[in-house]
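Only one chain comes next, encoded as structure tokens, the form predicted alone.
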């Protein structure tokens, strides 16, 4: 039985595009389907891309709303789509317990650093400023902390010779786009087991 996923984005949706490519003709084809592409930002470029590709899209603007108030609206909105999982793909809002408890162990995020070393926004900047020769991309379940949930997997990014922040981001995103779908496959196929 394919898992129904809701992909949450806030911007251009490059990870969303990689996931949709894998649903349509790659490693995710047999294990999941995108029931909804959702954003908190009506201007998100990714919504337009998803619509052009024939996916159902939805948006509830978050600007000016308290976190819990917004998350209650999202939980209510999601009911008609019945997602098995929420997949965060560049969703730039910290989720409150309102939604985390509703979808306990069913919200997955990708973080552009090793979560043991750095949590929160600005991971690529942190990596670049610390002149790291290697970083890791982490895919994890979302809990009530920030980037503290159970780790599904980590993948190395070789940064040797990277001279600019843009180069660091490009190398990281190349790994993100491939690795996220692999980690999602492990969860949706039952290969990943909670400890």
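Note that the structure is predicted; figures quoted are calculated from it, not measured. Numbering follows the first chain given and starts at 1.
The form predicted together with glycinamide ribonucleotide (GAR) is left out here; the points below concern that form.
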query	finding
Heavy atom of residue 75 within 4.5 Å of glycinamide ribonucleotide (GAR) in the predicted bound form	no
Close approach of residue 99 to glycinamide ribonucleotide (GAR) in the predicted bound form, 4.5 Å, heavy atom	no
Non-hydrogen atom contact residue 173 with glycinamide ribonucleotide (GAR) in the predicted bound form at 4.5 angstroms	yes
Non-hydrogen atom contact residue 15 with glycinamide ribonucleotide (GAR) in the predicted bound form at 4.5 angstroms	yes
Three-residue site 89, 92 and 110 fully in contact with glycinamide ribonucleotide (GAR) in the predicted bound form at 4.5 Å by heavy atom	yes
